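Below sits a lone chain in structure tokens, taken as the form predicted on its own.
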Amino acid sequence: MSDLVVAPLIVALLTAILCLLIRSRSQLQRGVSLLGGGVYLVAVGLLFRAVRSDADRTLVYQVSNWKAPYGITLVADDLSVIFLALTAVVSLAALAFSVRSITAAGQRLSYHPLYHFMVVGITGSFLTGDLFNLFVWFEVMLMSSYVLVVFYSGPEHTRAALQYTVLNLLGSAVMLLAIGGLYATTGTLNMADLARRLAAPDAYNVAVAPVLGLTALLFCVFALKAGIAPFQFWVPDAYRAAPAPVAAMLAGVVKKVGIYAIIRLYFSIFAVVTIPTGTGIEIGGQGLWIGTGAWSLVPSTGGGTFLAFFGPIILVMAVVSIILGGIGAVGRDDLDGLLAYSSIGQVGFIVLPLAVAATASPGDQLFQLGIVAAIIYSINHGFAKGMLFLVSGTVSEAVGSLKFNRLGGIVERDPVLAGTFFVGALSLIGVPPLSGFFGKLLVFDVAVTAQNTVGLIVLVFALSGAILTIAYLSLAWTRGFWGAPSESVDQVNMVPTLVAISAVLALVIIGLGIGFQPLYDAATDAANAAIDTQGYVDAVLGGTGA
């Protein structure tokens, strides 16, 4: 057992409580908040190194020494720490941005405690080893973000926050219902114990068919958190209503919690389950079967596994996200709206390789390659989109508007800020040697390696999405940053501190692209951690797994 697993969680929690206690002393609070963000980065760095140097590559912390599956378990492996590393870097940059961009009155209004409680929820979601605590950490993260989305308190912000809150509360209710059902069906909520029981359902008297329905409900919740179509409708309004650093966190990190949950549960825990022959419903004497039987309700390409059931669904959702997000972004007349719709399209690119991986056998190379592509695309999108929202916030702070008809010519007024936007845009488009190039290349590689109809569909829509990405980011560049300064832009100066923070993230993106091999190695190890269900079970249950 390693105490280091709980360190990032404790740091974020203590920082949130300290900021709450000293909120009347604004300057001290900002200092403590920034220091807490820095210490959190160090704690995540130490945990990252500890996992990478551990022989089993999995560190487990049993709270109060209550052994799994009865106690609360926290697990750090290659999959969780790579997402924690993204969280630590983006959250520190967004926090530094907040100190300068949020008004003094706003900062006294519990901004910093809420921000750190949001980080607590994100951290717990990446580290938890059981489903009920995943729900709890989701709620900690979402309750903080509800208030942060409505932070500016105008009518539009309130409407966006209300929509965001209601939809996510509905999602939480569905999640709790599904988790309760899973507990009633399997007798456990510990992820490792769940995998052990589902691998041998007859031995543990587990009915598999209800589990499939309950995991489908859970999948809808994770898709809602990630903003995947058709659960994307809260994204544009919430991103535009939130302060820029909060939008950077929502798009860069919070979305990835949903992606992480899909990989962890469906490619690690539920991947061991096979749908029994004859599972389905009877309509008018005609069998309507899922996966196997007379004919399939959903086409199965993987031999009747849970993943084969979800594969086609993920594929359709990914394709719709790419097209819907891309067309929506092209039609926007403001920078924030364009970036928000872009996030819907880009999350489609993240789940597209997962759809292909779901059609392959867990022992197949394609299975691993699809997860690697999704992780690398997630990391690149987290940095690039987080940075672009900070650039947007810098422009809004100076110009007072993000409408394209009031922008233009920023490259002349502030070439560093324009260059920063250019780096983020090129990374999302996938231009070498930036990290986004490798993310997109791996998505195409997955499609080509599949050598089947699913791969062909992925190739067609990935190319279509890439063209749409070029179209809307070119539009943003030419209308917002290129050309002679507009009257609004010509009269303002960008805040150097805010420009510098965005520029640092741009350097991170360039660095990840030039020195791509360590990121690729870390993502490959993360994919292997997701695939190695037995290793996860042994690490958590102490070698007592099946």
Partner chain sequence: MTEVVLAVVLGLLFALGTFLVLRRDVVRVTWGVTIISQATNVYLVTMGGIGGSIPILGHGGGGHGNVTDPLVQALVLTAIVIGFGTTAFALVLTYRVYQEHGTLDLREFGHEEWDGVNR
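Positions refer to the first chain, counted from 1. The model shown is predicted, which means the values in this text are computed figures rather than measured ones.
The discussion below concerns the form predicted together with its partner chain, not included here.
For this session: Answer for residue 233 alone: is it within 4.5 Å of its partner chain in the predicted complex, judged on heavy atom distances?
Result: Judged by the heavy-atom cut-off of 4.5 Å, residue 233 is well away from its partner chain in the predicted complex.
For this session: Please check if residue 418 has a heavy atom lying within 4.5 Å of any heavy atom of its partner chain in the predicted complex.
Result: It does not: once its partner chain is placed as it appears in the predicted complex, residue 418 has no heavy atom within 4.5 Å of it.
For this session: Flag residue 136 as yes or no: does it have a non-hydrogen atom within 4.5 angstroms of any non-hydrogen atom of its partner chain in the predicted complex?
Result: Although its partner chain is absent here, residue 136 would touch it in the predicted complex, with heavy atoms inside 4.5 Å.
Problem set entry | Contact test in the predicted complex: residue 146 vs its partner chain, heavy atoms, 4.5 Å | Looking in the predicted complex, residue contacts with its partner chain include residue 146, since a heavy atom lies within 4.5 Å.
Problem set entry | Partner-contacting position among 105, 448, 184, 207 - heavy atom within 4.5 Å of its partner chain in the predicted complex | Partner contact (heavy atom, 4.5 Å) among the options: 184.
Problem set entry | in the predicted complex, the one of 463, 475, 169, 456 near its partner chain [non-hydrogen atom within 4.5 angstroms] | Checked against the cut-off, the match is 169.
Exercise. Its partner chain isn't shown here, but in the predicted complex, which of 136-144, 354-362, 80-88, 262-270 has heavy atoms within 4.5 Å of it?
Worked result: Selected stretch: 136-144.
For this session: Would you mind checking 422-459 for residues with a heavy atom within 4.5 Å of its partner chain in the predicted complex?
Result: Nothing in this stretch is in contact.
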